[in-house]
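The form predicted on its own is given below as one chain in structure tokens.
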């Protein structure tokens, strides 16, 4: 009874707060200056600290006012519906209201962009240059987005009213916990921005209380629009993938250790050894580039595997904890790294030791990898010489087709045939003529390289090995219950070493992005190697819930935030450290289970919810048959 009363009270309070936000928040922004100052359209008028004007303001104000009153009515009806005694009728009403809300949001967006198009089209017809249009950087704002999210929340609330609704949510807890943690982190980030940053265009001005709140709400909305702005442009996507690619490797490496019940905190050291190994083979191994390049990639994996296997062996042989071992190995790796590239001469007991690894000059860096042994840029692979290549699309289609066609073969043979088909398709597609494409200078400047394809292969390897092979099953069993796995015949010592070696190999492959792919600025080993992405991999693995899809999406999210952080700093002067704060908050809330009930974090509690839901469905079905 308490739970029902409390949930109803919470629903009423949250809807009341939502009504206040809908009334004060800007719904659309028809015009915004580069420094963020904007004309804000609210349901009851327009707010602009700099008194910006737009032609035909009634076109923007009328649709926003109508949208507000429709959503206000939906909120009232939702509160009334929530108190209906019949759960099924309550769910039906919430479904209807949620659907209406989505339709209203879509209509609001259409009306807004039509109004913008009409104003700019009239200016173009009058002879205005394209770069001097009256409406620039226009966008929907917080009020419209609140209506969208509220409609989705109503649909989710409707599903929860039905039998087994809670079990449905718990079943997807691997998605619910990270998303809820991201939401909490975003709310705290909004609070930090609102408290520490003046509203755009309002610095030094005294605004009425309502206008000041509207300006602050626009500030937090615009902040997150800038953070996620890379998603609306192709150069933004490429730059985000550039930053996400090494995070995929390190996230997979840490997640692999988690799956085996091991906390691999030595990713920075494994990345360092992978980079050293990749450089040694890429620079000093003689031979043609087509041979040196794949061997340097293998060397990067082996270097990371070696640095991961050593703590694994220490744990298996002596019981030493892997966290302490991997932390110490990080220090050793950094010292080896500096020893190799910081100087060419060292003195030991009066004797001079000369090393060939440091390049000429004062900067701590190695010699450069020859051109033929470098990973090409992704743009050069997808569109060489300004023409779209069919190599990658044909390789993907043939690989998936062969894998799907030979279902009766065992997994190993299917993968081998799919790999052969992928290679054949890539080679054949390179000879097919492709249409010309126009590539912008902004896109050409992004240094995303083919290590991204290696990351995709690593994702497939992670998925197939852990979830489709006997060895992967044993590793997961070791992570869930070591004693039970040992009783079932799993060699814990050997599996511990193997798990740490594979974890290190996945992390070591991140070095291909920096050394063989020139991910920073040069194709060499440099002191500026960003080994901190090894620690970032912990956050990626946690948010991705140790699944390949989750790791890829969380790495992409962090890449988008890091890219958008640059725009945030340029346009609003907000430090890019806000992204670091968000990452830390996400990890904190995930570690706390998103402050959700235990059945979202405890598999045993989740199983109990599933069992209760199944019993409820069976009882309901039996009752219907009796009637």
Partner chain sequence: MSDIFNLALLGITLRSTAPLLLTALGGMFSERSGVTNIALEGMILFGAAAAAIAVDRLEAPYLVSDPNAHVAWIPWAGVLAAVLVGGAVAFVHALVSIRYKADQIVSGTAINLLALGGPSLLLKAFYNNTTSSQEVVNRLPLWFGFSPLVYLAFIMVPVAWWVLFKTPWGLRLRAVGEHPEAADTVGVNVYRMRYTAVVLSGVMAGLAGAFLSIGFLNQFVRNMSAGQGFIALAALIFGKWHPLGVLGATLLFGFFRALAIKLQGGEVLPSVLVEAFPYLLTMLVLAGFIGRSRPPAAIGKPYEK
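Residue numbers count along the first chain shown, from 1. Keep in mind it's a predicted model, so treat the numbers as computed, not measured.
Keep in mind that the form predicted together with the partner chain is missing from the display, and what follows is about it.
Heavy atoms within 4.5 Å of the partner chain in the predicted bound form are found in exactly one of 65-73, 52-60, 566-574, 34-42, that being 566-574. Although the partner chain is omitted here, in the predicted bound form all of 192, 327 and 598 have a heavy atom within 4.5 Å of it.
With a 4.5 Å cutoff on heavy atoms, residue 450 does not count as touching the partner chain in the predicted bound form; it lies far away.
Residue contact check for residue 290: none of its heavy atoms lie within 4.5 Å of the partner chain in the predicted bound form. The closest heavy atom approach of residue 233 to the partner chain in the predicted bound form falls outside 4.5 Å. Contact check for residue 433: no non-hydrogen atom falls within 4.5 Å of the partner chain in the predicted bound form.
Residue 263 is the only one of 113, 467, 480, 263 with a heavy atom lying within 4.5 Å of the partner chain in the predicted bound form. Only one of 106, 332, 484, 124 comes within 4.5 Å of the partner chain in the predicted bound form through a heavy atom, and that residue is 332. Within 4.5 angstroms of the partner chain in the predicted bound form, the stretch 343-366 places a non-hydrogen atom from each of 346, 347, 348, 349, 350, taken in sequence order.
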